[in-house]
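Below you will find one chain, with nothing else, as structure tokens; this is the form predicted on its own, and questions on how it binds or moves follow later.
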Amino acid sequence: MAEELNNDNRILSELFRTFFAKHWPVWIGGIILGMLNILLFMIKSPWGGSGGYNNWGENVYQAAGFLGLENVTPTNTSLYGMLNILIILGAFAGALFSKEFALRIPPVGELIKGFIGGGLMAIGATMGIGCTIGGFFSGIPALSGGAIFLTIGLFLGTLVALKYLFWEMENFPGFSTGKSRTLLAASEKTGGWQIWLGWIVIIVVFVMAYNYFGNGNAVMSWFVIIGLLMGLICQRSRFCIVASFRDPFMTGKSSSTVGVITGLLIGLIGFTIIKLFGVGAGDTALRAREMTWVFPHFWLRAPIGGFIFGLGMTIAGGCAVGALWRFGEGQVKLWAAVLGFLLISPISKKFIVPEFVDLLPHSLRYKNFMPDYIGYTWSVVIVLAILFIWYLFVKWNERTGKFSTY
């Protein structure tokens, strides 16, 4: 009997190590995240990031009675505000289970760059109506014409920010150097408390989901569970969209890009089926289902917002989702980025964006659903062609180093 128990324990221990002893390939994370994004769409609507940050910020300003936002902001946590919280908790649990959690406090210059980068992401997301998650990772599979232009802006913003970072290293190397500290780090033989705390986090989250379900809010209950899984998967696979744009031009590596392309392909298949056949929509809601995640930012508003967002995410070292899971594993620079994002987003939405939008004629900021113009078949073909060309480029560049800095 004792021998059987020991064998069972060894089997469970091997299973645990399979998931948490080492990181997963990024493409595995992309596949699972793409599938979970489809599930979110079937339940309610696709994955979005910037709306959750804005929800946090609006509630902060409402509680403080500041900037006149106290009368116009929600008092509850939105679906996407909750989703962002659960992504952090999922990443926290993943880091604890793998004993990778630690408070990593960088030099002051890096904290400043984190906050500024988060603020730029907030301005870019509110101007372009979308971030690397809602505008890009969900927008491209949603067959939004504006998402393609947002992507162009993200690329250009990333390249300009990389130029700045290299210029900073050459001319002001002391800005981002200095004393850094690491606290609460574990080793292979120590830090058993991290694994126990990880299980406590999982239990708390499932109790939270159960309570929402028991109170009749099944949608929020599912968002809680899926958010937990997304955070854990992002942390284990190091899934990061800023890396997919940055790394081919910085290090030449293509693994992050391939992971993101894989997630986009999975999402494209699922989103197209949902929209084409009206999955989850009644007869009268079919058009609304088709237009889900197609925002009024075609064509000029999207690349301007994407460019600003690309600047911010590269300077901060994390995009809308990368900032969340890095927050969960204790990277304090990304705490500053999240703070900048949530504090600046409501300010930009209320004071900056209206002035900016008024300058643009309607022809530069309308909803463009590609199948309305070229049909579903050609829309899917064009997106597939873009992703295929992107894949060929990063693989060729990885081999030749033609466009890589190092």
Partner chain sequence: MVTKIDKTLDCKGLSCPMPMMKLAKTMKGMNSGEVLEMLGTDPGTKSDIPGWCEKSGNTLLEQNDLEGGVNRFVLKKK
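Numbering follows the first chain given and starts at 1. Owing to the predicted nature of the structure, the values given are computational and were not obtained by experimental measurement.
The same protein also exists as the form predicted in complex with its partner chain; that form is not shown, yet it is the one meant from here on.
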| item | value |
| --- | --- |
| Its partner chain contact at residue 289 in the predicted complex, heavy atom, 4.5 Å | no |
| 4.5 angstroms heavy atom contact with its partner chain in the predicted complex for residue 85 | no |
| Partner proximity in the predicted complex: residue 211 to its partner chain, non-hydrogen atom cutoff 4.5 Å | no |
| Residue contact check: residue 246 to its partner chain in the predicted complex, 4.5 Å heavy atom | yes |
| Which of 221 to 229, 137 to 145, 197 to 205, 184 to 192 lines the interface with its partner chain in the predicted complex (heavy atom within 4.5 Å) | 184 to 192 |
| One residue of 280, 216, 296, 173 in contact with its partner chain, assessed in the predicted complex (non-hydrogen atom, 4.5 angstroms) | 173 |
| Listed residue that, although its partner chain is not shown, lies within 4.5 Å of it in the predicted complex (heavy atoms), from 331, 126, 158, 151 | 331 |
| Residues in 208 to 243 with any heavy atom within 4.5 Å of its partner chain in the predicted complex | 238 |
